[in-house]
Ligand SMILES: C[S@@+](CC[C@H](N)C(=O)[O-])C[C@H]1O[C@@H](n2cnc3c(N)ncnc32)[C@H](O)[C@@H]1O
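Okay, here we've got a single chain as structure tokens, the form predicted alone, with questions on binding and movement later.
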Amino acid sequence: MDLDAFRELLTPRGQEALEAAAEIVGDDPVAAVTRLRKSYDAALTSAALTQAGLRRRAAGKFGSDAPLMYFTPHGLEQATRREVADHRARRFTAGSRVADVCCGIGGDLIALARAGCVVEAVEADPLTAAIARANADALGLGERVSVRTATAATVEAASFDVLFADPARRSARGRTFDPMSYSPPWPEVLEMAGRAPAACLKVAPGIPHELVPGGAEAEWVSYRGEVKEAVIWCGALAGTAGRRATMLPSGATLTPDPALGPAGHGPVGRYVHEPDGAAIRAHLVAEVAAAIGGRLLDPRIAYITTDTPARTPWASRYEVHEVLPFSLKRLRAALRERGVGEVTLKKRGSAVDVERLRKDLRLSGGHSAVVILTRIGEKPFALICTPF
């Protein structure tokens, strides 16, 4: 979809085509095109069906907003899900003037505007900028939002209360996980942030801790057990914790305990606990272990073990039934002896190809189990468990 096709979607005739496309988008693609082409030209038919399909895909991220919004495939992929964006926006003060320097399709500026901020956004791609404008208007937020086609470098960060930046993490070769390959690159993002009274920088969860600037607070956020992003809070928005893990939708948060040293390690107990990914990324596994009186299976791997039952919202818990030095033959035999036909494979610190192992096990039976593949010391192990 190009800019002209998108602009046609915003016309009354385009809206009519989009409404018709929404009713048939799940049908056979050829039949759907044939039906729409009876009333609309090829370009409008293609744009309407593409947009209707993207709206359907967006429901998981944007909920009830999705049927009103507009998307590009890449914009939807990179956009923050609504619950995460709303959590982040709650840290902003209502009335703040915010510069959103990489606004994409506008998911974050929508959350900021709903939090009471006045947002001036820029986006280098003209089509994406037009979509962001249309999304703000569609959701009744146009009075608090302005969007222009421009690069981040054109923004005078010092003239705003807060700089918000979500640098693009996709190049011509696909997704990039190297902050130096972001657009703008990480040093340029930090330079802009340094000129603003406060800044909120959304980055990939795998950002190395050493790239977090001094005095900033890094927050890792998970949603229903999946780590979604890291946020670097700078200047007036930075907390004092330095590192933070947050779980959504509960909003539970975990920060470092200065009194704690590294977590101890020891033999496998009756239970194994897998910390939430946000706690792992934030280097807060020792805090999780202390909360349940646990120890690590291995000092370099984030599996915690206890001898007695213990619960924490920060970890999934499994009861250990058998501990085996890893061997396909031995693991297959042990699972068959237990009548296991369905297995969930989890690994950390293991070189095993999980999908190949799943095929090689060739299981049948009426029971289920969780197999944790890990390393203890220098040796690979398999732990046969059930959720507890």
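On a predicted model such as this, the values are computed, not experimentally measured, just so you know. In this text, residue numbers run from 1 along the sequence as written.
The same protein also exists as the form predicted in complex with the named molecule; that form is not shown, yet it is the one meant from here on.
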query	finding
Among the candidates 151, 93, 146, 306, the residue which, in the predicted bound form, approaches the named molecule to within 4.5 Å (heavy atoms)	151
The unique member of 288, 105, 119, 84 whose heavy atoms fall within 4.5 Å of the named molecule in the predicted bound form	105
Triple contact flag 79, 101 and 166 to the named molecule in the predicted bound form, non-hydrogen atom at 4.5 angstroms	yes
Contact of residue 253 with the named molecule in the predicted bound form (heavy atom, 4.5 Å)	no
Distance check, residue 123 to the named molecule in the predicted bound form, heavy atom within 4.5 Å	yes
Contact flag, residue 176 vs the named molecule in the predicted bound form, heavy atom cut 4.5 Å	no
Residue 159, heavy atom within 4.5 angstroms of the named molecule in the predicted bound form	no
Contact stretch among 293-301, 209-217, 311-319, 151-159 - heavy atom within 4.5 Å of the named molecule in the predicted bound form	151-159
